[in-house]
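For reference, the chain that follows is the form predicted alone, supplied as structure tokens.
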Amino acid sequence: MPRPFRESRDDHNKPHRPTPRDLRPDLRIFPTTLWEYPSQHYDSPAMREAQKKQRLQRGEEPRKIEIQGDAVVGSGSMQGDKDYVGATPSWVIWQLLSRYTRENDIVVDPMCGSGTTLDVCRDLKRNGVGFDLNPQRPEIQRNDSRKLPLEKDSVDFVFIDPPYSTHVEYSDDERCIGKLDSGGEDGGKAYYRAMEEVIREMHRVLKDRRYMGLYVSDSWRKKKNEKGSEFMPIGFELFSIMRKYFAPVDIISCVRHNKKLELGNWRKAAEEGNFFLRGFNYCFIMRKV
């Protein structure tokens, strides 16, 4: 049966429907300890200027573009790689660097992943230095985070988003901390011992009275081949380790916008299995004293 004929409308006469990018709020410093942003990445200043021009071309009233901090024109709208598993939300790093660093400061990420920290540093005119056992970009240096090739007291800020146990395959390198179980038969001793080496190294390279940020989540899993489940309070465990080396500044709760959290089957499983989906990440802010 033939489809009914419909008149086509001129695309120029169609009202513009807001896209998720249009709905992103202006990026500004969050004043409370509850941080939430509707997407994984923020738009770079270059992208916001392009959006402003598009709105003017459509005859719309341009939104006020308000980017606090020392942001300058970047090279694109994306920070890091959106397809990189376990990517850090770039807006979290933006919040930290806007508050605790200055222009031209040296910012180090010992587990740089796809380079999100480096791109935020670019936008804010900071000097980003990235290391990783599995570098995704030429400017990321291959290195184990437990021994950084940096001088003592030489860094202005350190940011790290470590593995949350063995949920993600980050690297084939046997030194990868992501291969260490934060639960497991040893109760997570190998994982936390490795993370303390990383934290101690971060303390060594950081300048006195300067800051660091650690972004992490707790973990839960159903036990294999046996009844019951296992909760791993990774956040509290790492916080207690950091207290040995740093003074706590604050604890931030970052709302997670993981698409899996909205899936009906995941929610049903959480209700029927009487467990909780991870709805937030910690962002621990510490100072070297």
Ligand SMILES: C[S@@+](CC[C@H](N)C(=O)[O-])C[C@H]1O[C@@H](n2cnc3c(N)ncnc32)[C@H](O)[C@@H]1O
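The first residue of the shown sequence is 1; numbering continues from there. Keep in mind the model is a prediction, meaning the values are calculated, not measured.
Quick note: we don't show the form predicted together with this ligand, though the next part is all about it.
Interface residue among S165, Q95, T88, T101, judged by heavy atoms within 4.5 Å of this ligand in the predicted bound form: T88. Screening M202, L124, V108, M111 for any heavy atom within 4.5 Å of this ligand in the predicted bound form leaves a single hit, M111. Contact with this ligand in the predicted bound form, defined as a heavy atom within 4.5 Å, is made by all three of Y84, D161 and I177. The closest non-hydrogen atom of G115 lies within 4.5 Å of this ligand in the predicted bound form. Taking the partner from the other structure, this ligand in the predicted bound form has no heavy atom within 4.5 Å of any heavy atom of D218.
Mapping the unseen interface onto this chain, D156 falls outside it, with no heavy atom inside 4.5 Å of this ligand in the predicted bound form. Although the partner is absent from this view, S182 stays clear of this ligand in the predicted bound form, with no non-hydrogen atom inside 4.5 angstroms. The partner is not shown here, but in the predicted bound form the stretch 130-166 reaches within 4.5 angstroms of this ligand through a heavy atom at D132, L133, N134, N143, D144, S145, R146, D161, P162, P163.
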